[in-house]
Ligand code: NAD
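Read the single chain below, which is given as structure tokens and is the form predicted on its own.
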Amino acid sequence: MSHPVSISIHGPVAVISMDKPPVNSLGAALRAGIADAMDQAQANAAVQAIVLTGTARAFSAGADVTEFGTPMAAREPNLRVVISLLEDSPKPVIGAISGQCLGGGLELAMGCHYRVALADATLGLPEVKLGLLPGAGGTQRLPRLLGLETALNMVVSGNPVAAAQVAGTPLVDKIIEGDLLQGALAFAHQVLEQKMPLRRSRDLKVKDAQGQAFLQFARNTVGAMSKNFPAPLRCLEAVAASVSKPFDEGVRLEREGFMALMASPESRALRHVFAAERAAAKIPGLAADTPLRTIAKVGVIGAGTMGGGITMNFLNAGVPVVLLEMKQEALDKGMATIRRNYENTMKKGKLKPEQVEQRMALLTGTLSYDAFADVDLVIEAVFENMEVKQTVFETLDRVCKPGAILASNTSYLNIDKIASFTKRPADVLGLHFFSPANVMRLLEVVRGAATAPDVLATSMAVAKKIKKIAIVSGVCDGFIGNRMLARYGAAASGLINAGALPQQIDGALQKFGMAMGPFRMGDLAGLDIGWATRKRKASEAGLPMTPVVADKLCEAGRFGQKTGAGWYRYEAGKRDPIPDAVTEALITEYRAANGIKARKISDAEVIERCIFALVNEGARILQEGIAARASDIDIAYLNGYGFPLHRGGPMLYADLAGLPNVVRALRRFAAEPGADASWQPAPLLLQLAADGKTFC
């Protein structure tokens, strides 16, 4: 690898260039390189000014998160020392900014005496999104350069701004048109010719006559919006110190806040998620340079809720879609729903009228499979029935061109079986979208036994294009997410049998942080879906179906919100779940019929049983190779199942709870009379706990 920092001399100006792909992360090597180059520039008597710049992609995107928690993070010179070398330089230092200038990168730039930038360079302090605050003076320098209110908004939100938005402030002295380096050199000559003073941001004052009143208003607002996350309020208090404290005192308070947040479970969770999202795209055994197939046109089968949502993803990305239905009425309804969704978005000001028309122009409706003759990818979103899937895939095999990818949106069914209906199983895989498909970020990419490497790689690239977070799953009933969900639901069902009521279980899990409890979720999705799945599994196993309380609800026609009653009842036109005496009576009858005596159940037991059931099944999924890594499971549950972000996912939650404690609880549940065998701790979980290791 080439040296990450180089220095070149341009007359009286030294140019220090950072070039550490991909985004000039400020790891130990880059920090040391900048310090060495600064020493060279200071030692050269011919050098009168210094320009610090990066690459077109990034001035610097900030800290190297892979060094967090390692000795490399503390290796000298640390970032604060490097910034001081810039700020205390007796020769003027000009930061020349293009691309990303984020986090520690912006803190580095603020250590320069002046800054010039391309108009579209992005400047920001996104540390709050990792549960942290800027740790190298960012909360103290930014308000001095940009003003209190704008700086506070940037630090607390973590959202970047374009350089053009802050041009003319002390943060960006000049927007460069054309070549950045030439513009920066010209600015450096101007500084020298005009003998402009060395402007140190630490010496500026935060000017805001209403500062304290604004900060109190901000405390109330941020406090209400940052439930479960301590970082936003910590960020606010650090910025507030820039108004009332000397610079060095503010930096000390900032550093204390940074260290406290670094040790917090919330930051641990957010940093885990940050790394997990990037790791999910890396597929073991799949070469990074695997050739991709061209996806210029997509076919979707089914214009219902799921098919329409899938279609919108591609239209949003500018990809033409052919949408197939069997009847004109269903096709017209589906097309009209897509248009209505876009028009509703337009009314909210998020789309322009011409954008609605551009997207609708990419959509073609059809009643004939023959319209798929030239598509590159087909995704079916038809009824969850293997015979129906067989008809669909046999037809696709006949009409689609060679090399077209054939994908099923099935939630549970065997992809290998579906692939066997074609003469091209290498072209078949699962693309399991989550409802509503145009909103939910998760996409399970299900790799069949015969799925070709380029089909898998192409599907991952497609997921990125349509802005999904994709995880790869092997083939099993329910794949990763729904297989675990079945155990979660079974644990909740067991709690109902034992003595809890739906509202208690939902309430406890929602307090834990779940977006929705399992019974509210069941009513929303439709209880008939789970009923059909239980019937299918019993039939496939050749066993009589063992009824559960949910089956009794379905037998009574209570399928959830769509029928006005399920676990809860619902008033017409409303979605609020109302505890129902009918449900309670059915539960009481079920317990009596099965000889179950209800007992008191604590909220703590609800959480332990339901969450550890997820963890235990996740361990089995890992051991079987269905998921490549524990963090993929966490990504699935955070993005598809409403698991609380501040807990980082079920597998990280288990790590932080202590795997020996998880094993102890599972063994306790497994030892209860009549306990299901699934409560036995998974072998992988036992091994990790015994070895003192963790999932993540």
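Treat the numbers as computed from the prediction; the structure is a model and nothing was measured. We number the residues from 1 along the sequence you see.
Quick note: we don't show the form predicted together with the named molecule, though the next part is all about it.
Heavy atoms within 4.5 Å of the named molecule in the predicted complex map, among the stretches 546-554, 153-161, 485-493, 294-302, onto 294-302 alone. When the named molecule is considered in the predicted complex, residue 201 lies well away from it, no heavy atom lying within 4.5 Å. Although the partner is absent here, residue 388 lies within 4.5 Å of the named molecule in the predicted complex, judged by heavy atoms. Looking at residue 433, you'd find a heavy atom of it within 4.5 angstroms of the named molecule in the predicted complex. Though the partner is left out of this view, residue 326 does reach within 4.5 Å of the named molecule in the predicted complex, counting heavy atoms only.
Interface residue among 622, 469, 222, 392, judged by heavy atoms within 4.5 Å of the named molecule in the predicted complex: 392.
Of the residues 414, 458, 561, 411, just one reaches the named molecule in the predicted complex with a heavy atom at 4.5 Å or closer; this is 411.
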